[in-house]
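Coming up is one lone chain in structure tokens, specifically the form predicted on its own.
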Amino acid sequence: MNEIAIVGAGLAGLTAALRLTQEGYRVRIFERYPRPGGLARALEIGGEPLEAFYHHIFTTDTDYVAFAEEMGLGDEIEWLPSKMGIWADGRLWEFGTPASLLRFGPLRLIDKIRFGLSTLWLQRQRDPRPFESVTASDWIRRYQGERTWKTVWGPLLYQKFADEAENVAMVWLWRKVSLRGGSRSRSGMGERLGYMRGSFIRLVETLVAKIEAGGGTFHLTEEVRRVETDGGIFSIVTRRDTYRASKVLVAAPIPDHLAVAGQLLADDERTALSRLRATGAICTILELENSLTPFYWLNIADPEMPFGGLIEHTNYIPADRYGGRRLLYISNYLFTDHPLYSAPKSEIIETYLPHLKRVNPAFDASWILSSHHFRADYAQPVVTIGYREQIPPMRTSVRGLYLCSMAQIFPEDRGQNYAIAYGDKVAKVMLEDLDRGEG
């Protein structure tokens, strides 16, 4: 039997499925949701698709660009300027350029000099290992100062990681800084971010069509309940049926991997996986009558705010593509036991309203024409000191069972580019084993 099962139809699972079908293997892809795409899934506003979770790519995201070109979509990526801001000290500030740093009131001149020089130095570093053994909080306090930690980075990390903020390794922040700086320098025109005409869902749809043309089969809204094995053959048990496969790839978050296949793993492997932490995310999209801020990306460096970022999509992509509506993503990373995480949309929006008015005193609830709300239980792995040694291998302790999860992406941070890169990587691992008659 040469049939392969893939659990999860996110971008990594789809990439692996394509590579396997290209080599002539029969692939079944199981997905709990009605559409493939994972975090890249989309809705429609004004007749135009829009990602449920905000997306863009950097000029440094070469794997995504190359893959889009392979799929015939390279020319559909628009490289557009973006404007970044920060809410700090009770007001809006432009942020992200040397000139804006000089105008940033909450920092003293000496703080700005330390911030600018250390940021330039970080952007030039290529070796992640020196940043793996120190926390971001310790590094920032040492090289940029306590005021910069309390004013800029501390609030941002606490918004994203809550009680784990002081434990996050500097390697995570280093990669964020180097990616952003690389996107500015490589474009040669200031920062340019990439967006695909018609949304990134177009790549997903193209992938699905190519996989099906290669003989792959999709089982949508068919959640895998467990994976079993007997005599080297796997059984994939869903609510509807049981399927057989010679190899299984779980292309899903670690908790899903443990839920469907954890009983097969070695005890020490299962224990190590269960120790890996990640935050969830809730993302609210408001369709607005008016623009809220002048920025595409607004970081919220204020512990009193109940959200971590405001991403105004139509300050980046023209509003006329969406029927003239202004589109605002409200980003909020939360551990899933936080009360707001599971609250109904109406309660979440009511919580946000007075704080949106703080950002723009002219804002009124009557501006909201429509709203949408999405959750992701596993959205941001918590990268701590020594994380490299905690990364689970793609080959599990069970022969023929493989794992591809955002928890393995390191030292890079999760995103579309690395979902493709790691989907390619796990497919190569599986093909090596198949060529040797192993797995």
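What you see is a predicted model, and the numbers here were worked out from it, not measured in a lab. All residue numbers refer to positions in the sequence shown, first residue = 1.
Not pictured, yet referred to below: the form predicted together with a small molecule.
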Please state whether every one of the three residues 39, 224 and 260 places a non-hydrogen atom within 4.5 angstroms of the small molecule in the predicted complex.
yes
Exactly one listed stretch (247-255, 342-350, 356-364, 116-124) reaches within 4.5 angstroms of the small molecule in the predicted complex by non-hydrogen atoms, and it is 247-255
At the 4.5 Å heavy atom threshold, is residue 382 in contact with the small molecule in the predicted complex?
no
Are any of the heavy atoms in residue 55 no more than 4.5 Å from a heavy atom of the small molecule in the predicted complex?
yes
Would you please decide whether residue 32 lies within 4.5 angstroms of the small molecule in the predicted complex, comparing each non-hydrogen atom pair?
yes
Should residue 4 be counted as a contact of the small molecule in the predicted complex, where contact means heavy atoms within 4.5 Å?
no
Contacting member of 174, 333, 153, 95, with respect to the small molecule in the predicted complex [4.5 Å, heavy atom]:
333
